[in-house]
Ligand code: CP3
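There is one chain below, alone, in structure tokens, taken in the form predicted alone.
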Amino acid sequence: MSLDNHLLLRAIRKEPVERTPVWIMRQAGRYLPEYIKLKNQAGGFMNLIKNPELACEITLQPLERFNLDSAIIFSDILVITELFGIELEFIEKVGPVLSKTLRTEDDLKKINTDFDFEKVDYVYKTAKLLKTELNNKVPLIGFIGSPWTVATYIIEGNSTKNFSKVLNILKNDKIFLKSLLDTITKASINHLERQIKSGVDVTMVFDTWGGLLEGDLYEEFSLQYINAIHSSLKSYKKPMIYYIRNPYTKLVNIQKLDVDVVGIDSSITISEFNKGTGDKFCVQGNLDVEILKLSNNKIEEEVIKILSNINNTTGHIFNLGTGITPDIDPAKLKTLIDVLAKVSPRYTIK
């Protein structure tokens, strides 16, 4: 069975669709009781993603509950740091913590750039298992973090709120920063290529902290690396999604991206985004996750507001503007998906 005619892939190509496809960032994870149970049994997040059978099971959990139009590998953008000899740990209520940082050219010179991809082979094994389990019912998304976003963690060493070390290096040592980004880009291309060879149908780049950059700096230290990744993998003909927060001031820059889909948060309307980027992309998004804490009627109102705001009848993948949070009732997500299935045909079929 071919996936080529799947709803999600048709929307990406801006072909006619009978309803708006939907998947949810972080759809496999911490808001689902079955995930919490499995995580506790396994002894934590890293034990889950490093076990292909468990990672496969978790990836499939939301598809068993909800009528979603894609699966996304249960993994993390920071597993790539293991290729740099940096151990990744997730601490409850703290987030990711790296065993060491890279902040100078000397630090970078100590890294073996003949990367040993056996260290992250669990990601590729998970992808292969998922392709078998999914049996082409829905596409499988594989992903990486943008080189810029991964660099912020490698420099800071953890989740930070002020990014003081990164911003200091951006100001005072651009040569080192570009060397680091070049190295991460090389690893990212290889990591994503291996995911494609393991069966993923769509690729995604999370530029979570791209919002730290503006104007020429955004192009120089983030976008050019995204384009390099896409260019290197173009021959595989797998569509690429790029995700960015707060894109409003970056529309002129984003227009220079060579990707198929741009995922956006709820800080801008989809029509504003399309207008500012010349309708170049399929757009993914962009319901505010807080709406899922409101009444079912309010959820329906907000879904209709987003759909009626878009001028196109296709070229839209419904999603949240950010990842789903642990405080969301899964029943509310089901309401969202059911509402979208009910009302979106009014906006997609012409």
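When you see a residue number, it is the position in the sequence shown, counting from 1. Treat the numbers as computed from the prediction; the structure is a model and nothing was measured.
FYI, the form predicted in complex with coproporphyrinogen III (CP3) isn't displayed, but the following is about it.
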>> Does coproporphyrinogen III (CP3), in the model of the complex, lie within 4.5 angstroms of each residue among F45, I73 and Y153, using heavy atoms as the measure?
In response: yes
> Hey, of 87 to 95, 124 to 132, 229 to 237, 168 to 176, which bit sits against coproporphyrinogen III (CP3) in the model of the complex at 4.5 Å between non-hydrogen atoms?
Replying inline: 87 to 95
> So, in the model of the complex, is K275 in contact with coproporphyrinogen III (CP3) at a 4.5 angstroms heavy atom limit?
Replying inline: no
> Do F221 and coproporphyrinogen III (CP3) share at least one heavy atom pair within 4.5 Å in the model of the complex?
Replying inline: no
>> So in the model of the complex, is coproporphyrinogen III (CP3) close enough to R30 to count as touching (4.5 Å, heavy atoms)?
In response: yes
> Heavy atom to heavy atom, is R245 within 4.5 Å of coproporphyrinogen III (CP3) in the model of the complex?
Replying inline: yes
> Can you pick the one in I77, V259, A187, L181 that has a heavy atom within 4.5 Å of coproporphyrinogen III (CP3) in the model of the complex?
Replying inline: I77
>> Can you list, in sequence order, the residues from 260 to 287 that come within 4.5 Å of coproporphyrinogen III (CP3) in the model of the complex, counting heavy atoms only?
In response: none
